[in-house]
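This document opens with one chain alone, in structure tokens, the form predicted alone.
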Amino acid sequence: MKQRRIHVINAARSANTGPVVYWMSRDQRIHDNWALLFAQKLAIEQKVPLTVIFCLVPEFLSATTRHYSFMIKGLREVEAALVKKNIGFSLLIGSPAKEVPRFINKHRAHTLIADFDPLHIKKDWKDEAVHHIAIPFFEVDAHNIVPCRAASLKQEYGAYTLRPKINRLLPEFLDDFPPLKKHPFTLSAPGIRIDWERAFRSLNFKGSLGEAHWFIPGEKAAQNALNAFVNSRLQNYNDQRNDPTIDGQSNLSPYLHFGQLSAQRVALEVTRQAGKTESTTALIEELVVRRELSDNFCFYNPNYDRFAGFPAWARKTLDAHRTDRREYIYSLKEFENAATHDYLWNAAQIEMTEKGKMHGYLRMYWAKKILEWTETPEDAMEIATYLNDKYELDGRDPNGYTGIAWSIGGVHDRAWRERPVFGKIRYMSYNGCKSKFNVKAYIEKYKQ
């Protein structure tokens, strides 16, 4: 494993003889997981058992039954697979900042490994936890192909500044994964199999949504989805990915978000199967450059989900147009119920509500119209973030926050021709969408 994937949070020496503990959070899989592989390497070197913990937070941002159900079904698969590898698995319930140190101290853990996450809430958990443990604590970037800190030490202006850095490092980091071994050291007191139904009942949902049945959760389903994409849609990906009336996207984002699939595995399979084509180039741009640009933005900008996180030129132009007349003003309830005058926007909202995934091209149009139809950019950010996090399976993610900040606040973009409300923020229109795809067919598919 490349040393630059590993970040030292606490360099304390350990006198404990308990297990090495991997605190799984963002990367919910046992295969192709650099954090788990590093944890096993340390455990074998120390000749101690290895155990994985996952802390189930009863209330997380705007997550609902849809998200918790998808996640828990995947975690059940993780538990079963770890048992076969002689690796423990424990489910903690509550605040990670409290429950993780409690577990570490109770089991006299030797070392703690966590996976990398750029979001406020995850960084805060680690910052709080480190004050209550006295053992080595490492963070491993198992989510990005080129680790976030290795790619850049600052917030990048856009894809054009990050792309050359990523491309220079990609050959170094795009290597294949070694297999996870059957662990040679057994826990002295193996954990009891988890009562997942009881765990699910302990949650405090902000809302109840139907499950997205067209996305089967879990690591096996994620691999099947990758195979289906490579075999049937990859060839035409570059030509069809921006048409929401065609099934031309990868449909892998829910699996990537929950870490049930490694982005590095996707890149390896795509390049191995298809070689260098326009479609593989387009996919690598989205999967690596754009996706890792989102992690870069959220990691280095503490205001990634607020107006203050916009670039100075965007804040200035939006401030200059705060008092512009809005032709339409909608409430959160009207947006949520797809009750605007715009049938295309309504159809996109319905797609997200029903499927748990809105087409990527329409996400941009959807967010920009929220800016156009709310009283302030702050209102637009709040509404777009709430709806995205509540309904999208891949919500509560750097990609989502960055996409909203791009649409509403010009992040990673440039100034365009000035117009009312938007100022110099890039504009998107209904007629512009009509020139890209069959708008009527899309509306018919997702009408009320």
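Numbers follow the displayed sequence, beginning with 1. Model, not experiment: these values are computed from the prediction.
The protein also exists as the form predicted together with a small molecule; that form is not presented, and the subsequent description refers to it.
J.: Which of these residues, His110, His257, His183, Arg265, gets a heavy atom within 4.5 Å of the small molecule in the model of the complex?
T.: By the 4.5 Å criterion, the partner-contacting residue is His257.
J.: So in the model of the complex, is the small molecule close enough to Gly409 to count as touching (4.5 Å, heavy atoms)?
T.: No, no contact at 4.5 Å.
J.: Hey, in the model of the complex, does Pro398 get a heavy atom within 4.5 angstroms of the small molecule?
T.: Close contact exists here: in the model of the complex, Pro398 approaches the small molecule to within 4.5 Å, heavy atoms only.
J.: Test of understanding: in the model of the complex, would Phe422 fall inside 4.5 Å of the small molecule by heavy atoms?
T.: Contact with the small molecule, no.
J.: Taking heavy atoms only, is Val270 within 4.5 angstroms of the small molecule in the model of the complex?
T.: Contact with the small molecule, no.
J.: Going by heavy atoms within 4.5 Å, which of 414 to 422, 60 to 68, 39 to 47, 375 to 383 lines up against the small molecule in the model of the complex?
T.: The contacting stretch here is 60 to 68.
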